[in-house]
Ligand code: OGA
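The chain below stands alone, shown as structure tokens; this is the form predicted alone.
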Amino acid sequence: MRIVRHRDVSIDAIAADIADGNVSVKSDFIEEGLVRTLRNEALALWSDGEFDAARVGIGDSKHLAPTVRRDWIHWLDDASLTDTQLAVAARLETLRSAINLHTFMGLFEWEGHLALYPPGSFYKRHVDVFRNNRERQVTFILYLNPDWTEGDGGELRVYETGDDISSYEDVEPRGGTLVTFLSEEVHHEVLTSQTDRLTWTGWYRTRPPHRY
């Protein structure tokens, strides 16, 4: 696994990175105007109390774990997206289709949320797939921080392997950047943020297995 950084490339190039098992980092996936509008919408939801403290685990085992993660999330409902969110969702749908063409993974939908990391927040090293639920196949993270500068923190630390914590690369959470990777393969963490760090984070999923 390696990190591949792009700027002026097509969505097919991102899909090819996924097919090769790499982490794809594309600058300017969406333009600054969309970044700022999405950020303003998210901050309005935050002000209205529409975010919940993020938990770890799944189902009945979900619980707060402030030593592991301290972000806040607002789940997105595909049926009630704003016009701006719909515009971005359309691009994410194009990417889903491209990944399917390159990998035959059978991704059929996305799920996602807005995530806000207030100052002092972090998310320790983890992978995005639960042991008893492997429907999440591909993770995408769209950064909504148009004014991010060095020292603001909140970098995404991507580990080259699951065993060696000394070998990693950091990705800056600059507005408009999209990071995409295989959910079950890539160990990663969010370093402590020094300012409000916002993302649209989601997963492309396969259908659940039939149970007889």
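The first residue of the shown sequence is 1; numbering continues from there. If you're wondering where the values come from, they're calculated on a predicted model, not measured in any experiment.
The protein also exists as the form predicted together with the named molecule; that form is not presented, and the subsequent description refers to it.
**Q** Name the single residue among V138, I99, V88, I141 that comes within 4.5 Å of the named molecule in the model of the complex, judging by heavy atoms.
**A** Selected residue: I141.
**Q** With the partner left out here, check for me: in the model of the complex, does some heavy atom of R39 sit within 4.5 Å of the named molecule?
**A** Result no; R39 lies far from the named molecule in the model of the complex.
**Q** Is it the case that S24, even though its partner is missing from this view, gets within 4.5 Å of the named molecule in the model of the complex, heavy atoms only?
**A** S24: no, not in contact with the named molecule in the model of the complex.
**Q** Is D128 a contact residue for the named molecule in the model of the complex, using a 4.5 Å heavy atom cut-off?
**A** Contact with the named molecule, yes.
**Q** Could you tell me if V190 has a non-hydrogen atom within 4.5 Å of the named molecule in the model of the complex?
**A** Within the cut-off, so yes.
**Q** Each of L95, F104 and T180 within 4.5 Å of the named molecule in the model of the complex, by any heavy atom, yes or no?
**A** No, none of the three is in contact.
**Q** The named molecule isn't shown here, but in the model of the complex, which of 161-169, 40-48, 55-63, 141-149 has heavy atoms within 4.5 Å of it?
**A** Contact criterion met by 141-149 only.
**Q** Counting only heavy atoms, which residues in 62-78 are within 4.5 Å of the named molecule in the model of the complex?
**A** Counting only heavy atoms within 4.5 Å of the named molecule in the model of the complex, the single contacting residue of 62-78 is R69.
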